[in-house]
Structures are given as structure tokens and as C-alpha cells.
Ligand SMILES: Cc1cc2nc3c(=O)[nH]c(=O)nc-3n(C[C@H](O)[C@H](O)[C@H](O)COP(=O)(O)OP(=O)(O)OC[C@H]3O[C@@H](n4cnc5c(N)ncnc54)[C@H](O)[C@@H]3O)c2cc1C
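In the form predicted on its own, a lone chain appears below as C-alpha cells.
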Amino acid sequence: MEFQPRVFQMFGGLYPRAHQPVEPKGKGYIQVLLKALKERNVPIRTNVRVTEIIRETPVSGDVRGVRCETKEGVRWIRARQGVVLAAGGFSANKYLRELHDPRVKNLGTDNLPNQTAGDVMMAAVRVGAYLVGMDFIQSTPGAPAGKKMKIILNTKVAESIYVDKRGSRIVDEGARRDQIRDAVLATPERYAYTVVDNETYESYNSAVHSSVEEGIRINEAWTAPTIRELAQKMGVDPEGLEKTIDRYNNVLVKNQKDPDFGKAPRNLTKRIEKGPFWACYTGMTVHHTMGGINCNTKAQVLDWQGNVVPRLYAAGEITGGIHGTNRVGGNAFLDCMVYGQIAGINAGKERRA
């Protein structure tokens, strides 16, 4: 897996500890893992929907396998050793996410559209698994209601700012994700904008550039040689945005202090001054569900009394209680990869049935 050498503070990361993959949008991880699977002749079955987890009795005994629905019909798969659940979270399940956090009502999601989101988690509940932290749901910048594209120019918090329609800055860009969500949704429009200069824009990868180019085509992103012209294209107050950028560069960055929102000095190192300038909408979309199946440090699934559900393991976003109320940016990688490895190793150590 190849990463870029620079370490930076990503959106919601709280500290400079992020390593950007060379390949965008998760492709690097998938390529490495697929190669390893092929080398070991591990089969991958697609279009197989798990609908039930099979246990000796509904709430006792070993987990023995799963019931699946395929294009050919129902299929029963027996587990010789353990079963690992890694089906992700329930951000794409509109009913579940709004049931547990009404604040996300009418927001979209940047997760893959998935009519079965949460199905495997609830199948685990039916064999005794207990759910924790279900009310903790995280949002990240994305397309506002009525807009088409999620465009990301906010990843590098030391190099971007959020402004509202009046051109005023609204939050510490290095704050927790829930604080940024609340600040964006508190604007009269329930959306904001991200502004960067050309040096920052050029530092992003081809996937970001492609989304911005498409955004410009449909008037959801903008570029201009001056801040005033950029504001006019955005529909933002030009004088307000000019005043905000001037204050940010010549007061906050110059003095390494943010009296407005408390942005950390380590994130006040980059002036926004090299044109052309770039901007995009920053609405809010549901991104990550911190709640899910309760597990121990061996990745074993636990019931409502803290007892292990034998031969059942879970890893990644389907689990709960790992991230508390707010997942710090980048930590899902460890949640998936580290607990995925722990779950796989321990499931493989189960005695053969």
C-alpha cells in the first residue's frame, strides 16, 4: 500500500497524523487486498445477500453459518470455523439513521446506495447480539439538499476555510466533525462553502480535480482569479468574503491566533493568497454510524449480558462502541484493518465443525 510522504491534519482528524493514499477513493487498499486474496485462492462471491445468521438455537449454542439470497435462489453456507461480520454501517438506511438521530432528517448520505444497509447487523441481533451507541451518527461535508455532487476541498484543514453566504467564516476548520456539522446546519441556508487557493487545489489528486471540473460545469463549484470574482460566481457577498480572507491572512495566520473560533496555531500556517481561487458547496451528508454490534477486544460478538456469542465475530463499521460519540478522521482505517485482522485470525482458530 503506497502513501504520500507528507503528514497533515485531515478534516475531523484533530491532529496532524494523516497519510494520504497515492491511489484515490480507496482503490489502493482494494488493489492490495485483492492481490493477496488471489494469491491465496480465496473466493469472492458477489450478489449474495445474507438474510439470516444460523445458530444452534435462536439465542444459545454455536453460530453455524448463514442463509443467503442469490440470483439462483436461497443458499445455506455452513461455517466450518467462525463467521466474521463486516457488512459496514447503516448510514444508507434512511429509517434507521433518522430513528436514532432526528438531526440528520432530510440529509443525504455519501455512502454507497444500499437498500440492505443494516440487514446483517439486525440478523446478528436476532441471534443474541447486543447493539451499542446507535444514536451517534456522523456527518461530513457533501452536497446540500437539491444539489447533485459531493465535492471535497476541505480535507486539509490548515489550508481551507468554511464561509456562509455572507462571506463570513463559521467554525474552526480543525474542530470535531460534529461541531462542524452543527455550525454548517446552523446557517440560515443549512449549507456553507469551502474556499482554497490554487496551491492547495493543485495538491489534491485527480479524483478531486475531476469532481471540481464537473461541479464547475453544473454551477456547484467555482474558480476565479480574484476573491471578489469568486464570490460573485458563488453568489456570496463579495465584500464579506474579501474581508474574511484579508482577516484570515493578515490577522489569524500572521499572529498564529484565532480569536474568532480558536483554530490551533499548527493549522494557521497557510495563507489563502495564490490565485486562481477555488470554492464549492459544503452541505452535510450522513457519513459514518458509530453504533453497532457490541464486541470485545478479540472481535467476538457479545450478547446483552456481555457473554460471547460463540463462533461469531465482527469488524469495521458494523461494530459499535469503538469510536464513542465522534469518530476521529482516519480512525475507521484502523477499526476495519486491525479488527478485521483480529477477527479473521480468531475465527480461523476456532475448532473445525
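Start at 1 and count along the sequence shown; that's the residue number. Since the model is a prediction, treat every value here as computed from it, not as a measurement.
Here the subject shifts to the form predicted together with the named molecule, a form of this protein not shown in this document.
Contact with the named molecule in the predicted complex, defined as any heavy atom within 4.5 Å, is confined among 57-65, 286-294, 304-312, 34-42 to 286-294. Remark: all three candidate residues (10, 116 and 150) come within 4.5 Å of the named molecule in the predicted complex, counting heavy atoms only. Using a 4.5 angstroms limit between non-hydrogen atoms, residue 49 touches the named molecule in the predicted complex.
The closest non-hydrogen atom of residue 267 lies beyond 4.5 Å of the named molecule in the predicted complex. At a distance threshold of 4.5 angstroms between non-hydrogen atoms, residue 272 is out of contact with the named molecule in the predicted complex. At a distance threshold of 4.5 angstroms between non-hydrogen atoms, residue 331 is in contact with the named molecule in the predicted complex.
Residue-level contacts in the predicted complex: of 131, 252, 120, 171, one residue has a heavy atom within 4.5 Å of the named molecule, and it is 120.
Contact annotation: of the candidates 79, 143, 183, 87, the single residue with a non-hydrogen atom within 4.5 angstroms of the named molecule in the predicted complex is 87.
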